[in-house]
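Given as structure tokens, the chain that follows is alone and in the form predicted alone.
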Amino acid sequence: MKEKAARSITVNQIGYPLHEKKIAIITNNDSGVFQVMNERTNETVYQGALTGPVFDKVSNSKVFHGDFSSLQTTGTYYVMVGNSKSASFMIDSNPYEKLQQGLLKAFYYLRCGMDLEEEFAGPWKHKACHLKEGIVYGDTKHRLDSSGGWHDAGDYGKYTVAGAKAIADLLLAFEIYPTAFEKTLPIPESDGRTPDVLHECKYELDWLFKMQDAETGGVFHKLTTLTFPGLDVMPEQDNGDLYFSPISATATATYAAVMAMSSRVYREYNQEFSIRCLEAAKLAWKWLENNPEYPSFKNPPEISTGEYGDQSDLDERYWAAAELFRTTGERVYHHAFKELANATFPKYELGWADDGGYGTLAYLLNGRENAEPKLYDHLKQGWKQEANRLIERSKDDGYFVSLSENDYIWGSNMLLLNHAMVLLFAFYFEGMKEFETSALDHVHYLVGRNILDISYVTGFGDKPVKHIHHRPSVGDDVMEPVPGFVSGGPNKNLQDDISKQTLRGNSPPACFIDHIDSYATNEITIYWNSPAVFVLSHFIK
């Protein structure tokens, strides 16, 4: 099937909230005016003057803007400039509900160790996988139950630090926007009492328990085969030996953080599980206390799967201390947090490596009355400053997003969505509308309003990515990819062969190819979906 060419008019291919700003972005067309057309009647419902041109330095392109914010009538529309036509989109009071549910349901499709049955998985069903015991690296006689959890990405590895970020984003989304999770997805555990987001996170948490060494409290860094399987290998066909890679400080600290967080969130729904989470978090913290300085993780010589290395564990320890303090109120954790807050590391980042922002959020969400007032005020002001920096960057961008040229790297869509999370928390703390508006501009980019006129979410939008680097989507007999996955996005570093062959000379935002071999631009991961769930949850009414 022939792929759709990029159009000169780009819009959010899902739609626009009824009372929010609505802008189409136009390239290579200076006709001066634009029309918004009713898709059903093909009648003009709005006409306006294009503004611009604006030179977008990052994409090296001249763009015009068509603002139709005053159109506040529910319906389905498209934009015309001369003879050029945009994708269709809706204007609605709640346009993103199906998208948000699709992004969350994607985690179910990544489940390891169970049959994905047709009732819940549809045509993307498959048999249970990776059921054998895992070998503790360096001790072939030491084998442990390793089943469960989520496959991390386009491969079948399972990684502690990646899982921790994903769970944190989902639990924060539930904490801040609980009404966005009232509908069932459904998944096998749906019971009408516990929200499905908590059922889904519990599936990963139950696996994470298996990553903790019961004797020391330390946490294994990852569970993978020695090498990646072939791209068309289905999960149940991947029968290589599984290895628990050695304990790491970053894995142990993120584990402690997310277990303390989970204990707090699950307390109302499953007290026994909540207690178990807190016990696991405290045991991991004890390991951290006993190992104040620990070498950064490196792949053992025989293992070539994703490393998730990190030169510093200070931000992870900071996050762990903050979550344990927020959950328990105990001084020992508050003291540790205050000590770590004096160290130099990013305190407003929400990545899997630079994750100090989660520690800052835990401290701020705990309230000023429970904090050291000067430290609280300092961190809150710092959060606002970071959000303002993102706002200023977005104002200089023709597509209204905060990504600089150097942000178009492997997983640029994670940075996009992490930035949107920072903006939404700034809105939560400060109540300034421009933070929310800028976050919504980042959503518009994700699902079509970008230089490539592409929705970076499988199965959603008029022109979604279709050929993701994801083994089940390649290996099954289904034409469409598994839906609801966020693709990694443009990567100016061209770190796979197909990118090098086809994308040289492109501007950074155009360094993307929808091809199964492009793991550096078109892979998927749990921690690209998780911030997307958070951000979209804000806009669910």
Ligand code: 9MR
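All values reported here derive from a predicted model rather than from experimental measurement. All residue numbers refer to positions in the sequence shown, first residue = 1.
The following text describes the form predicted together with the named molecule, which does not appear among the structures shown.
- This chain appears without its partner; in the model of the complex, the one residue of 347, 130, 469, 165 with a heavy atom within 4.5 Å of the named molecule is 469.
- Though the named molecule is absent from this view, in the model of the complex it lies within 4.5 Å of a heavy atom of just one residue from 429, 410, 174, 273, which is 410.
- Though the partner is left out of this view, residue 355 does not reach within 4.5 Å of the named molecule in the model of the complex, counting heavy atoms only.
- Proximity of residue 169 to the named molecule in the model of the complex falls outside the 4.5 Å heavy atom cutoff.
- Mapping the unseen interface onto this chain, residue 155 counts among the residues with a heavy atom inside 4.5 Å of the named molecule in the model of the complex.
- The named molecule is not shown here, but in the model of the complex it comes within 4.5 Å of a heavy atom of residue 228.
- Of the stretches 516-524, 5-13, 529-537, 18-26, only 516-524 has residues with a heavy atom within 4.5 Å of the named molecule in the model of the complex.
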